[in-house]
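The data below hold one chain only, encoded as structure tokens and taken in the form predicted on its own.
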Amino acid sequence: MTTPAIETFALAKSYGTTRALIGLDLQVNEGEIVGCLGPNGAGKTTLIRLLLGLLIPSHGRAEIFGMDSQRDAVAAHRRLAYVPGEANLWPTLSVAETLRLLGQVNGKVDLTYQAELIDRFSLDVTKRVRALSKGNRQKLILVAALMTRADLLILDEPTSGLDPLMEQAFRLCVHEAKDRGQSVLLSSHSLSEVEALCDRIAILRAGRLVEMGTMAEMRHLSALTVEVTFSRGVPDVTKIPGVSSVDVQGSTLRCQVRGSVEPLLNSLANSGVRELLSREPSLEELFLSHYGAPAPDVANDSDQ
């Protein structure tokens, strides 16, 4: 069996009486893309800082390719690249100089791929960092991370400030990384981004991992939406098992169904159905089903 790219064991972090992360057991396998979702204060950034060895856990431990993120931080960092949501870079350096410096820090750069990335992200390497917009600064740190071909990419809000065209370029890069066998942990508020890219999704809420799985495995978290238009009167479906949120507008019925849809379909079989539409819940609906007020002992700060 291969060693997981990331593995945490009852990982926890507290700030006094405030618990930012609580008993987290998480695994990211080699060649896998895992998306980490959660509202501000859910613990996403705290998790990343613990993985990078920037914070000391209050309990438990985190490993990068079997190496302790605290004791073996230097060795672990040789196998990963990190993209923050916003980076403080050297304002007087040019883009080319910044890439050269960051490449030297990492120790390995695929120069051919670097040139391809610069072109793909339309990055002007002659500009000084202080002259870059937020979006161009983000493109710079994305190129700096991706050009290393690191075994593990840890991406914290990586498309912050990017326009839709550049977001598509980013998605292409992540797919290429997966094809090469690289692992990715992606923390994002972009639900469509996570849905498009990730093999599995971890939902954090109030410092806890509340759900983890593939999209197919997580469909049970939200109901199927059904809309039916009838050629005659709308039947009463309120007593059918699993049916809720019934709304009737004229000859159109809208409702939600949890569990099997068969009882609803059986009841509608002889009801003059003219049109029936159904759709599975989107990732946004799955995600929002876990929203709610955080527990009082969990941090609300977006930096935690």
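Computed from a predicted model, the values in this text were never measured in an experiment. So that there is no doubt, residue numbering starts at 1 and follows the sequence shown.
Separately, the form predicted together with a small molecule exists; it is not shown, and the next lines address it.
Within this chain, G43 lines the site of the small molecule in the predicted complex, having a heavy atom no more than 4.5 Å away. Within this chain, S282 is remote from the site of the small molecule in the predicted complex, having no heavy atom within 4.5 Å.
Interface residue remark: Y15 is counted as part of the site for the small molecule in the predicted complex, having a heavy atom within 4.5 Å. For the chain shown alone, A20 is a contact residue for the small molecule in the predicted complex, at least one non-hydrogen atom being within 4.5 angstroms.
The stretch in contact with the small molecule in the predicted complex, judged by heavy atoms within 4.5 Å, is 35-43, chosen from 261-269, 59-67, 35-43, 245-253. Think of it this way: in the predicted complex, the small molecule has a heavy atom of just one of K134, R130, H189, R71 within 4.5 Å, and the residue is H189.
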